[in-house]
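A lone chain, given as structure tokens: the form predicted alone.
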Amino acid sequence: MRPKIFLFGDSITQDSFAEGGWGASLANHFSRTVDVVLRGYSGYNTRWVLKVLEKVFAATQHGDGGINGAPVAITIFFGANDACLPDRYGAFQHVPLLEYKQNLHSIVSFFVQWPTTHILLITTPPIDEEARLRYPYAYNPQGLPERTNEAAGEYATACIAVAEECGVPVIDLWTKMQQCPDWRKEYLCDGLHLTQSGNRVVFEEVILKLREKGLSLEAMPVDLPLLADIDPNDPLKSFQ
């Protein structure tokens, strides 16, 4: 059985298997070594996710290494919806900062049932507020962005703090993306979701973190013999 990597998050994870998406790139990168399993839920925040954790991961709960065993790694990528402002049209998705931290702690704790699984947190990306006004996802009577970059930064900082407290690695996407001078156009397609270049940043950062944990393409066994390793004079010998 191939090992698995789970991608668990909101729409930025759900969309990651689209053309040029970071999840699709991971699946391609590990195409003969790991199954990349998508568990993305558009619009979800950490409060909602805590209500469905048991259901989403019921098949892998025992982590017995069998067909439904523990993954080698899981990415946890929530916060963009929690960071919706409580007085704007996205208020129904808002989760207060302290509760977000507590929820994230609980989500990480849930996966402790898999002691061999590497957990990787990813912060919310930065927000382009002007673009959010051009691309509202619902009626916006106030004419104000439902998210701000300042608020996203506070949730990113909280995510980093949880990672430190839990002793797990984290990708500070909020800071990383803003190191590019033209990050708003280069990395974001609607002020929140990622362009192909933005997806590339996530992919490269995930690969880097996994490599630091020994989960590199070179270090992982290939599923079944490669064509170059099959003896053309006696092909079946390779499958004995």
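Residue numbers here begin at 1 and follow the sequence given. Rigid core: the largest C-alpha set superposing within 1.5 Å between the two forms. Owing to the predicted nature of the structure, the values given are computational and were not obtained by experimental measurement.
What comes next is about the form predicted in complex with a further copy of the same chain, which does not appear here.
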Fill in: Contact flag, residue 32 vs a further copy of the same chain in the model of the complex, heavy atom cut 4.5 Å
yes
Worksheet item: Heavy atom to heavy atom, is residue 218 within 4.5 Å of a further copy of the same chain in the model of the complex?
Response: no
Fill in: Contact flag, residue 51 vs a further copy of the same chain in the model of the complex, heavy atom cut 4.5 Å
yes
Worksheet item: Does residue 175 make contact with a further copy of the same chain in the model of the complex, using a 4.5 Å heavy atom cut-off?
Response: no
Worksheet item: Of 184 to 192, 40 to 48, 205 to 213, 167 to 175, which is the one stretch near a further copy of the same chain in the model of the complex, taking non-hydrogen atoms within 4.5 angstroms as near?
Response: 40 to 48
Worksheet item: Even though the chain is shown alone, can you say which residues of 191 to 211 have a heavy atom within 4.5 Å of a further copy of the same chain in the model of the complex?
Response: 196
Item to complete: For residue 230, decide whether the Cα shift between this form and the one not shown is 2 Å or greater, given a superposition on the rigid core.
Response: yes
